[in-house]
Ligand SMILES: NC(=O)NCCC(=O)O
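To begin, one chain is listed below as structure tokens, in the form predicted alone.
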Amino acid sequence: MSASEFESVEASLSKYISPGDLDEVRRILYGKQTRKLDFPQSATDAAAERGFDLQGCVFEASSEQLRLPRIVRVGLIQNKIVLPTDAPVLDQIAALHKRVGEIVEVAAMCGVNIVCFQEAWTMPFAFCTRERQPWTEFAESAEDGFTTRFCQELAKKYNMVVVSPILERDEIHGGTLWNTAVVVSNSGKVLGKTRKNHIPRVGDFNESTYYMEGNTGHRVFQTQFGKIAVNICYGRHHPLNWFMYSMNGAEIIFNPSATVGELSEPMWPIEARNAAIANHCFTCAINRVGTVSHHEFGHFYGSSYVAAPDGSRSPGLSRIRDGLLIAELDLNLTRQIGDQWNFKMTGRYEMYGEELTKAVQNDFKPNIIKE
């Protein structure tokens, strides 16, 4: 069986492990078991008719005496491109708008408060090719481009925060391209944008020919449903990147990605989950599916999931199918786990800061003791 035919780890576990052992295997692999989220029949039927995977789970917190539960539902969308890559650019964008709009409608049926799409969701993944045309034509304004306007309509229609990662064209600065996530409030207003901090340079895999390292730092967005941040794709490999979003107050960190099996799949189940544990927050890892045919890049393996600060995580979506994963989170869990493990209280940040300041100097000498 090829990588592009293998449905998911979860499906294989369920198929080949006895029910008696399966709960224990899941406990070891995924931590405390999450409760399955029930959906309206209309949503289940719509997902089946529209041909995408619909899954849901609940992350619970302990009841408290002084705080009510802080419940929020997040939706993660993974999808293939819709039209061939040689179709007109505007047709490709419109087809993806239609497809994702269909999935967002189901998310609304299920009470989702915040939805996040995959990295550069309005286009084929093209950032490691030598040619720039027509791929740069997919770039658009983060403030008033047609995709942002589309997301504003979704946000207002469904009372939903929309996180929309796009290829941004910054006309103010000479048409510079950025890998950007636009955050649209549930009011329909653009709350702001954040740019990809880390650009991969792995052999021939080099996205720096397309866009710049981000210059927005580690922005956190205060929404009606909680404080969120967006750690775009390659930033998940950098623990300090997650850490700084958390230090700025993020309760939920989304990680919209576009990554293929041979490059990163063994890391995928680990990094976002570890970040949730280390930073006392929820993390949402989103990856596209399918194969982009304009170059031999490999299979995008989906497997989107949500991880919690207590080390538990949801099952992943399919490796091969479009999907919507909905997670109901009690944000009280972030402080509860922080109080239990005290990673931030015990972090020696002043020591790290002092030593990092020295480490970036040209005359730095490693602190090595020799005989």
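Heads up: residue numbers just count along the shown sequence, starting at 1. Computed from a prediction, not measured in an experiment: that's the story for all the values here.
There is another form of this protein, the form predicted in complex with this ligand, and it is not shown here; the text below is about that form.
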Hey, in the model of the complex, is G226 touching this ligand, heavy atoms inside 4.5 Å? no
Given that this ligand is not shown alongside this chain, does K156 nevertheless sit within 4.5 Å of it in the model of the complex, heavy atom to heavy atom? no
Against this ligand in the model of the complex, would V163 count as a contact residue? Criterion: heavy atoms within 4.5 Å. no
Applying a 4.5 Å heavy atom distance criterion, does E119 contact this ligand in the model of the complex? yes
Does every residue of F125, E207 and Y234 put a non-hydrogen atom within 4.5 angstroms of this ligand in the model of the complex? yes
Consider the chain as shown here, without its partner, and state which of S264, N197, N79, T148 has a heavy atom within 4.5 Å of this ligand in the model of the complex. S264
Quick one: of L167, V100, A258, I114, which gets a non-hydrogen atom within 4.5 angstroms of this ligand in the model of the complex? A258
Work out which of the listed stretches, 236-244, 170-178, 214-222, 69-77, brings a heavy atom within 4.5 angstroms of this ligand in the model of the complex. 236-244
